[in-house]
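In structure tokens, the next block holds one chain alone, the form predicted alone.
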Amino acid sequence: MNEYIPLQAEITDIDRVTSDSYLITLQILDDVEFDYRPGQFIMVSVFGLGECPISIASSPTRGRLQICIRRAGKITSGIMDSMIGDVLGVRGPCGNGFPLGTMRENILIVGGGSGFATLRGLINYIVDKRDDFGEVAVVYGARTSQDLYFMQEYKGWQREGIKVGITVDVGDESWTGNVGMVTSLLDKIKISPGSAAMCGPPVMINAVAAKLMSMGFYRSEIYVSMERHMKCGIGKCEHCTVGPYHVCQDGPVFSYDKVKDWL
């Protein structure tokens, strides 16, 4: 594959995730092997508008490519306005995903807001290879209950022995669950120290990392998916430079000890 030339990908399914977010399933039309790992991203283009980076929200174990889109600009609006049967451009997969070969058996996954989309692929990968992992827990927070992603999947994860804790920043009369930051759930979700995977706003990542280290997690085994304004996806444009790293190539997944000073 030529990293500069997008593949053609047909939209085969569209599911509403929240009032302003869609889960879009893509089928690569070109005759190529499209292999990816949880945590990687793709550059998605709407022909005539341009392209933008989108996290992969699916697991390679399930034989389909999915992205979760929220309307944020002209390109994401163009993607969300597309219909089943329309064709988008896809470059990638880009960057490095979660190092599943070296992550320890016990895994804690922590997400905040729309950052949870990139963690869904990791969770479903673990579900499909459950015997390869020990204790697994998922902690996720969003602003309100209407902003929570993939709510219909939580019970399926729990049936696989995965602990799931959900919280919101602002509750209402319909919400009976936890209200507060995701750190408020970490004492309730008991898991032995191992590896952690996170994606969310920097203030959440730093707060959770501090809490995890107090629980016995090593800084080098806390993996963070960083969100930066990536324009090219191949380390040429310098838009996503953080310290000595290009997030689009060296990341977006980093161990916390490498990027804690730039969050």
Partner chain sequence: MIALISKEDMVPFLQAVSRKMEVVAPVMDQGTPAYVTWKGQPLALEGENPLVSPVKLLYPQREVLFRYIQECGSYTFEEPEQKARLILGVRPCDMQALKVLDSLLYPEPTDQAYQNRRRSAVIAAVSCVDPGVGCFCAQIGSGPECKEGCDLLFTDLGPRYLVETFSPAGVLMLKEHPEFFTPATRSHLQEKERLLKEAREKIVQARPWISREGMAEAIKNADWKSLGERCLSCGGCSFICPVCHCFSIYDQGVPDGERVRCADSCILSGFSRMTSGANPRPDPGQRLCNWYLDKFEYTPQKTGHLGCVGCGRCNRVCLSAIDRWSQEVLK
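Remember, it's a predicted structure, so these values are computed and weren't measured experimentally. Positions refer to the first chain, counted from 1.
There is also a form predicted in complex with its partner chain; it is not shown, and the following applies to it.
Asks: Only one of 46-54, 210-218, 60-68, 190-198 has heavy atoms within 4.5 Å of its partner chain in the predicted bound form; I'd like to know which.
Replies: One stretch meets the cut-off, namely 46-54.
Asks: Has each of Glu3, Val87 and Lys231 got a heavy atom lying within 4.5 angstroms of its partner chain in the predicted bound form?
Replies: Each of the three qualifies.
Asks: Find out whether any non-hydrogen atom of Glu238 is located within 4.5 angstroms of its partner chain in the predicted bound form, and reply yes or no.
Replies: Answer yes; at least one heavy atom of Glu238 falls within 4.5 Å of its partner chain in the predicted bound form.
Asks: Gly101 versus its partner chain, in the predicted bound form: is there a non-hydrogen atom within 4.5 Å?
Replies: Contact check for Gly101: no, nothing within 4.5 Å of its partner chain in the predicted bound form.
Asks: Using 4.5 Å between non-hydrogen atoms, is Val170 touching its partner chain in the predicted bound form?
Replies: No, Val170 stays farther than 4.5 Å from its partner chain in the predicted bound form.
Asks: Is it the case that Ala72, even though its partner is missing from this view, gets within 4.5 Å of its partner chain in the predicted bound form, heavy atoms only?
Replies: It does: once its partner chain is placed as it appears in the predicted bound form, Ala72 has a heavy atom within 4.5 Å of it.
Asks: Of these, Thr12, Ser21, Ser255, Gln249, which has a heavy atom no more than 4.5 Å from its partner chain in the predicted bound form?
Replies: Only one listed residue qualifies here, and that residue is Gln249.
Asks: Hey, which residues along 162-182 are within 4.5 angstroms of its partner chain in the predicted bound form, non-hydrogen atoms only?
Replies: Nothing in this stretch is in contact.
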